[in-house]
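Shown next as structure tokens: one chain only, the form predicted alone.
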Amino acid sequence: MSALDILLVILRIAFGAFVPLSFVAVLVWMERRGAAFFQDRAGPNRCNVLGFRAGGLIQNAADGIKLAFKEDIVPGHVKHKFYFILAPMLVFITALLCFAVIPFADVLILGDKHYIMQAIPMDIGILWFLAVVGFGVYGIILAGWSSHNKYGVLGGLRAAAQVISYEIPMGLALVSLLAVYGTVNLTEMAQFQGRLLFGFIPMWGFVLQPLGVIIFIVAAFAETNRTPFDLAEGESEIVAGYHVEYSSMKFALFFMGEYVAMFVSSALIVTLYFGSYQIPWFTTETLVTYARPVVIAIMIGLPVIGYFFAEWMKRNNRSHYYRENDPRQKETAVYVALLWSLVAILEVVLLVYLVFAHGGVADRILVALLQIGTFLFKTFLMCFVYVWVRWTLPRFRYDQLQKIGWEKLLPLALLNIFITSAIIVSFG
């Protein structure tokens, strides 16, 4: 292997591990700010370092420090301490491994070499996800059972029943999708969605499978134990369910595992149904061919986006009553200055690219970076849908949860397979 090969392998693995972990902080911030927005109240706005609150992100750092230094307790009544400690690690690691096969850009072609943009390039694709995601529930079941707590056991039992109920509709929704794509390879699925239907409609998964996308998203919510499917935790009924006896960093692993699973499921939904890294009407080769106009358009758009973002910060980062020499306005001025500095740096980098590096390898690297940004932006929006649903819908009763899985989603998934098969056979 050449030095470039080794470097790209390291970068892909680092991306596969670093991005989901980084999004934990982003998603915790989004959860808090989203909850405040939907409940018409102020979010985290007190925790600061030297007066800088970073829009509430400093609260995340405070929570991380608090959890790291809390006393790590293993209750005396826990009989199987090994499984008690293993459970949170299993939940976290399985959630992280699921992201390993999700493509975040098209195949990067440098000279005569092709580099698949996945942390672990594998042809089995979606089968890896289905195999690994099932192990996450083992962590939840082990946590509830090893806690030797009635609420923990109830939480583990609920999680097991819920996963069984919703993995079947999810798998059947994927059967219809695989019949359309004709492959289990996620990179090939993403490339398929770069085509156009009737010459102008992007062939994204949700266009080809409008019923399948609804079934899959509902099942994904249940698989991640997010409201309204968080019966495994159900604090109003079983205190906290499977993690009731956990504290310190073991609880933090459960907490982080939930958000990593939320990010990974969002990334998978985007990959399967919303075009992955594809930009509508712009295939990879089109972007490479017209790289210079694309860069010019980005250079024009950056100051516009920067202006509106700066105005948004000024409008939302101020006191509700008039204060002379308001410290929030001074804080905002620093953020605005940093924002425009970042815009200026990006403009200079893009200008250097236009003058000195345009063409060949540089174009393909630029397109890969643009596709990575597109993929992360779509995933970010899907994560917001998770937050939106959590703070909008109440938790289902347990009988309602099971009825939705077995009496609604399962028949709809079977119907979707029948309709999809009929269309494929008829129109080939």
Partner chain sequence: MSIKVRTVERKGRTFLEQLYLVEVIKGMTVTLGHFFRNLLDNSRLYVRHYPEVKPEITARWRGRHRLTRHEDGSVKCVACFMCQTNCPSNCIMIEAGERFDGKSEKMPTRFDIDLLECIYCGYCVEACPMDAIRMDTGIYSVTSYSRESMVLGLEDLLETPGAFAEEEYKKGGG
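Keep in mind it's a predicted model, so treat the numbers as computed, not measured. Positions refer to the first chain, counted from 1.
What comes next is about the form predicted together with the partner chain, which is not displayed.
For the candidate set Y398, F384, F377, F69, a heavy atom within 4.5 Å of the partner chain in the model of the complex is found for exactly one residue, namely F384. A heavy atom within 4.5 Å of the partner chain in the model of the complex is found for exactly one of R315, R195, K79, R292: R315. Though the partner is left out of this view, K403 does not reach within 4.5 Å of the partner chain in the model of the complex, counting heavy atoms only. The partner chain is not drawn, but in the model of the complex it has no heavy atom within 4.5 Å of I365. Using a 4.5 angstroms limit between non-hydrogen atoms, L393 touches the partner chain in the model of the complex.
Though the partner is left out of this view, G64 does not reach within 4.5 Å of the partner chain in the model of the complex, counting heavy atoms only. Looking at 33-51, the residues that come within 4.5 Å of the partner chain in the model of the complex, counting any heavy atom, are G34, F37, F38, D40, R41, A42, R46.
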